[in-house]
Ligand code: GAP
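Let's start with one chain on its own, the form predicted alone, as structure tokens.
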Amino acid sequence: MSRSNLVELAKRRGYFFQSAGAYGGVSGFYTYGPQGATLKDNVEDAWRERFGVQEGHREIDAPTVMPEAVFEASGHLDTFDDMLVACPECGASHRADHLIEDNTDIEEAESFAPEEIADLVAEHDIQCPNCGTELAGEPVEEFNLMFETNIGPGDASTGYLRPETAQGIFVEFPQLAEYARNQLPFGITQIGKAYRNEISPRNSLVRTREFTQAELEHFVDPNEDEPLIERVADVELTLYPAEKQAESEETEYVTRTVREAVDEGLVHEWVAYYLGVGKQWYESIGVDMDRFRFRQHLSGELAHYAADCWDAEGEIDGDWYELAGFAYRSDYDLSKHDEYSDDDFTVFKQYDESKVVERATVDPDMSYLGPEFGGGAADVAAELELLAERDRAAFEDEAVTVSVDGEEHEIPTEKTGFAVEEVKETGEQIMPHVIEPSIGVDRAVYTVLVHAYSEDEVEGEQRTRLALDPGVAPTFVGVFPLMDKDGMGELARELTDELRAEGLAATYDDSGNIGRRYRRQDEVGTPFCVTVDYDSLEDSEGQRASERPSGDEPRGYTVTLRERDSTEQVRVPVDDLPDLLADLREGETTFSELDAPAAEQ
């Protein structure tokens, strides 16, 4: 399969196409057509069901524009960069690590430092893809990917389009924890748009400037909470650990069940749990498991917030693309917002039984600190309090030393009011850790389409087929009259309305011969087709369709049900059709379990 074939089909059949084509198009922005928008909705609904409903998590919807302070605290202002190299001749900007990957055997150039990338550009004589100018010696600079905007007119405050949906969850943690009654663990999901000003958008929906993320932030007590591994213990994972990437030029995978991966210490238990959930989900929406793996991030490519991360990757035309990240974010995000904001990002955890503990305290003599340190007295007092918490022994001598803004100060111990007291504690403040499965919805949609695409031959004719899973296919059943005459068209239109009323995505088509209509639905990915023919009009006793019973009484005629992938057909009673199609969609039965196929028309 060539990518150009899929992109052409996607545009022609209403899956996706580049936006603003009337004005020349805008790189990195795509519009979903009627089929694509429905497929995307179905993928999102499947994600909600698996990562939200089945796991007992709740969903929110936060704004896509957030104030600068949020991203200063999160670290995105300082560290959310890609490497850029500009052509001195034509002025085109390129993502430098992608140039390395495209022109060498190096696979994960993102993990290299800008200086190393610059050396590789020179070493491999890499040229500008646009005009062929040598790029050796050109600076490789870090480029922040966030879109900046203003919030309000006049003296507007600076804001940014969110580069991930996660921060909308983290900044609202104090309120969300109240909704969860401050009981850990709990999870919050969100599906929404995110924006990154990509240097070089490419490969259709794979790398865009506006995209949809489906993210889960699961807040846990790192000392007590454990995942229910048994739910996914036997799910087999294809793993590509960091050490295997470093050891050999050949790709060498490690195949383990979730249980084995945890027991052997290959993957953190919480991350391993969601790798199992993730594999089940990707398989359920139609991703080919023979072209799917989990790759661990190398140390140099870890995001600033991640203690560990594994990417779900899908193979497309021999190249591997990130589909999702499964990150252990530890307490990075909550501790940062706790530090920068005016709110408390901890959770009070009640002990089963209260306990008496010794606690070191200070009560500084401000009549001494004030004259001695002036405006810095409060900072000195705060440092004394912190020192008492972490190092009681520091107060055993006649004087204690603290550092404020890099300057050391010595205070007589008797002026600190240091004491050790017994106090009764009923609980403690916990800074939760976070496990984050972050799914790229657009990349999931694209991968599903790529893995579903095939070309074959049926009855001597070339056929293009999208073997979409019935659970996500945008159109589930096509309904045709064999010919629009003798009442067959009327009957088929009535049947289409009935199937829609039963919640089945049905389309009516009477254009062209029946074979052409089958091929059209095969190409758009419709799993099943129903044909109303002369046998439908007349049952075994000669009853005409115009004499069929009304209301809920059995109608006594049959239709032809055709399956997309095999092209096989069976004859089924029309009265059984809605329930039968619903069972096929939900996977409760398969087409092969139906009656022996009839000859294809």
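Each residue number is its position in the shown sequence, starting from 1. This is a predicted model, so every value here is computed, not measured.
The form predicted in complex with glycyl-adenosine-5'-phosphate (GAP) exists for this protein as well; it is not shown, and the discussion that follows is about that form.
Chemist: State the residue from 336, 415, 207, 520 whose non-hydrogen atoms include one within 4.5 Å of glycyl-adenosine-5'-phosphate (GAP) in the predicted complex.
Modeler: For this set of options, the contacting one is 207.
Chemist: Please tell me which of 475, 213, 496, 464 lies within 4.5 Å of glycyl-adenosine-5'-phosphate (GAP) in the predicted complex, judged by heavy atoms.
Modeler: For this set of options, the contacting one is 213.
Chemist: How about residue 507: is it within 4.5 Å of glycyl-adenosine-5'-phosphate (GAP) in the predicted complex, going by heavy atoms?
Modeler: Answer no; every heavy atom of residue 507 is more than 4.5 Å from glycyl-adenosine-5'-phosphate (GAP) in the predicted complex.
Chemist: Within a 4.5 Å heavy atom cut-off, is residue 324 in contact with glycyl-adenosine-5'-phosphate (GAP) in the predicted complex?
Modeler: Result yes; residue 324 sits at the interface with glycyl-adenosine-5'-phosphate (GAP) in the predicted complex.
Chemist: Quick check on residue 198: any heavy atom within 4.5 Å of glycyl-adenosine-5'-phosphate (GAP) in the predicted complex?
Modeler: Contact with glycyl-adenosine-5'-phosphate (GAP), yes.
Chemist: Examine residue 433 and determine whether its closest non-hydrogen atom to glycyl-adenosine-5'-phosphate (GAP) in the predicted complex is within 4.5 angstroms.
Modeler: Result no; residue 433 lies far from glycyl-adenosine-5'-phosphate (GAP) in the predicted complex.
Chemist: Can you check 264 to 272, 198 to 206, 172 to 180, 238 to 246 and let me know which stretch has heavy atoms within 4.5 Å of glycyl-adenosine-5'-phosphate (GAP) in the predicted complex?
Modeler: It is 198 to 206 that comes within 4.5 Å of the partner.
Chemist: Could you list the residues in 275 to 308 that come within 4.5 Å of glycyl-adenosine-5'-phosphate (GAP) in the predicted complex, counting only heavy atoms and keeping sequence order?
Modeler: If the 4.5 Å heavy-atom criterion is applied to glycyl-adenosine-5'-phosphate (GAP) in the predicted complex, 275 to 308 yields only 305.
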